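So this first bit is one chain, no partners, the form predicted alone, shown in structure tokens.
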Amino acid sequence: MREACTNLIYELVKQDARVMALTADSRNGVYERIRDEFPAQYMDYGISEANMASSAAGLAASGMIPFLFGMTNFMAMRAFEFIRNDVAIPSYNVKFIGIFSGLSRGGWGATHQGTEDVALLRSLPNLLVITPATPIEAREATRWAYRHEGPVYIRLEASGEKEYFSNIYEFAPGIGQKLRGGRDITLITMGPILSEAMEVAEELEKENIYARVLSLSTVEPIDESLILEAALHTKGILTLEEHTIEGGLGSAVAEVLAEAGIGTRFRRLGLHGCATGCGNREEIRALNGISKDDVCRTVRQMMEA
């Protein structure tokens, strides 16, 4: 997803002199290419995400369109006050690209696991938070962000994610995607853990359990109609996210169900704050109860209830 997103930013830099590529010591190969070919549209702030956020607000106030590229934890949490005060409240046209979200850097420990950023940033005014699930969705969310007048935060995880969308896909905030139909249980996901849900659905079908799979790239706004339809036409809802369930996808879906007064079997699978343990992504998922086996086990329990 990182390459899909930053390759588009490179094209935007070439086409539009207002577009700037900003980073805080987190550049990838594409951003280095921008640095070498378009030095006037590139800035590296070093390990200083707060300064980068405030500077981006000034650039946006001057008519520029800055795309900030940095690690999720350091950009969303270290610079949170500056995002709030300098960007979100005045609604400046700043685009944040947060990398290594979720457990994609599980081996680096909690300091580098971006697992609370949606909960924090969805509370801010004017700031749209997007969690793409695939490279195409990341690319199209970036294209949408460029065209949108206002602050946007795009939450990226790792690279090499499975693709479930076609090249004609168009991103729109608040519009979820139904990737698989099913009458028994609904799996609602946020981000690339969608691939786990799709594999779970295939596995459960062997047991005659038919799972519907929904992918929500935004939780504010959220696709209420898609959630309510699932609640009415399947026997339960299970949310799945590489993020804390407090304030994340699970909380957002629960809010929709509660406010609509719909009673259904409902479970949330995700993290409780920071992840436990240190290891590769699969190991951390298993340690924290969000592996494919954990999802299958939870669905079976819900179906037996």
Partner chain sequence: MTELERIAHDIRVDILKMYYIAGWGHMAPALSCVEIFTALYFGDVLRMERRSEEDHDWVIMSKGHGCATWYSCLSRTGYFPREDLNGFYQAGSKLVGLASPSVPGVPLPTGSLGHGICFATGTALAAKCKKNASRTYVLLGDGEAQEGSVWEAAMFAGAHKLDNLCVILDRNHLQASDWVENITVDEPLRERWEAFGWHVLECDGHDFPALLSAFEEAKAVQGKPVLLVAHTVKGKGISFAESRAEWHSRAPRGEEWDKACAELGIEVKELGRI
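Positions refer to the first chain, counted from 1. Keep in mind that this is a model prediction, so the values were computed, not measured.
Below, we refer to the form predicted in complex with its partner chain, which is not included among the displayed structures.
Given that the partner is absent here, state which listed stretch (262 to 270, 244 to 252, 276 to 284, 63 to 71) has heavy atoms within 4.5 Å of its partner chain in the predicted bound form. That would be 63 to 71.
Can you tell me if F38 lies within 4.5 angstroms of its partner chain in the predicted bound form, counting non-hydrogen atoms only? Output for F38 is no: heavy atoms all beyond 4.5 Å of its partner chain.
May I ask you to check whether G58 falls inside a 4.5 Å heavy atom distance of its partner chain in the predicted bound form? G58: yes, in contact with its partner chain in the predicted bound form.
How about A110: is it within 4.5 Å of its partner chain in the predicted bound form, going by heavy atoms? The answer is no: A110 has no heavy atom within 4.5 Å of its partner chain.
Could you tell me if I290 has a non-hydrogen atom within 4.5 Å of its partner chain in the predicted bound form? Judged by the heavy-atom cut-off of 4.5 Å, I290 is well away from its partner chain in the predicted bound form.
Go through E170, E207, E81, E199 and name the one with a heavy atom inside 4.5 Å of its partner chain in the predicted bound form. So the residue touching its partner chain in the predicted bound form, by this definition, is E81.
Residues of stretch 27 to 60 in contact with its partner chain in the predicted bound form (4.5 Å, non-hydrogen atom): Read in sequence order, the residues that approach its partner chain (within 4.5 Å, in the predicted bound form) are A40, M43, D44, Y45, S48, E49, A50, N51, S54, S55, A57, G58, L59.
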